[in-house]
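First, one chain by itself in structure tokens, the form predicted alone.
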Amino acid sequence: MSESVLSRQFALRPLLREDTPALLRLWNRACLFDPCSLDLLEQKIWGDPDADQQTSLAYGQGRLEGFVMALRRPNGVNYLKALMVDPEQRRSGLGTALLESARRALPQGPLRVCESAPDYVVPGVDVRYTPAICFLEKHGFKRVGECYNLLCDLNQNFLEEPRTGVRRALPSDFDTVMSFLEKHWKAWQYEVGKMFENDPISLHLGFEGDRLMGFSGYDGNTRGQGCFGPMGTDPEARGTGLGGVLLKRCLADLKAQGHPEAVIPWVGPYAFYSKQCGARIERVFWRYELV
């Protein structure tokens, strides 16, 4: 079916704030491995600083049957943040209409799937979403890698390891932290900046004298869900044990919040977390790009 026929068949429209309850119902019908709450939906859809009404589209009135959210980040990359179709509407052409409409409204350039940092839902396509994988590959998306979510059992003692210069961040640390990230991990500035809005600040820092050498945080991207990260240490401090101390401080905080487990998302070097806190691979994601 041609693009023009699909466009006429499905009267897509901009997503509206009043669609929120219907969108939540669609999300939980369509995304079995990623159940969503109203609070999380507000964060991910309406709280995204780069949301664009031209590329956040819905199909249906009252009962939404399809939704797409695509956007362009300040780094100049296009992202397909979310695309979902009611199970009863799959194979009808609706998914194709949503994808093509959003893509036409984006600036030219490659389109990455899901990994829309700093405010992303998931880092890729969970391999259990087989219909989604088939859909993407049918439309020319190529797999460009994989990553993992780890799960850490918080029913363990995270003993305080004496370490000079390790402490929770203070409001006055903001500029120092942003400068550190500008040098090493600029893409994390937004997410880490959100940690300064929490009470207490959900960020721990490691100093050598007055020099910031590492950080770890939580509740910056997906708040209230027991998600750890990001974290990083200056290359000069790697292998010193600083990363392990910073990690365990955050895990102790998440345990104190009442979470039985911590999610460590978008991980590459899983061996570090396995050694430090017994974390195990829980989910595998394939990363896709359309050139």
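Quick caveat: nothing in here was measured; it's all calculated off a predicted structure. Throughout, we count residues from 1 along the sequence that is shown.
We do not show the form predicted together with a small molecule, though everything after this point is about it.
Listed residues 79, 120, 158, 129 were compared with the small molecule in the model of the complex; 129 is the one with a heavy atom within 4.5 Å. This chain is displayed alone, yet in the model of the complex one of 213, 150, 94, 71 has a heavy atom within 4.5 Å of the small molecule; that residue is 94. Proximity to the small molecule in the model of the complex holds for none of 51, 57 and 103, with the criterion being a heavy atom within 4.5 Å. Here the chain stands alone, but in the model of the complex its contact with the small molecule, taken as any heavy atom within 4.5 Å, falls in 134 to 142 among 160 to 168, 203 to 211, 186 to 194, 134 to 142.
Residue contact with the small molecule in the model of the complex: residue 242 places no heavy atom within 4.5 Å of it.
The shortest heavy atom separation between residue 31 and the small molecule in the model of the complex is within 4.5 Å. Put simply, residue 83 is close to the small molecule in the model of the complex: some heavy atom of it is within 4.5 Å. The shortest heavy atom separation between residue 177 and the small molecule in the model of the complex exceeds 4.5 Å.
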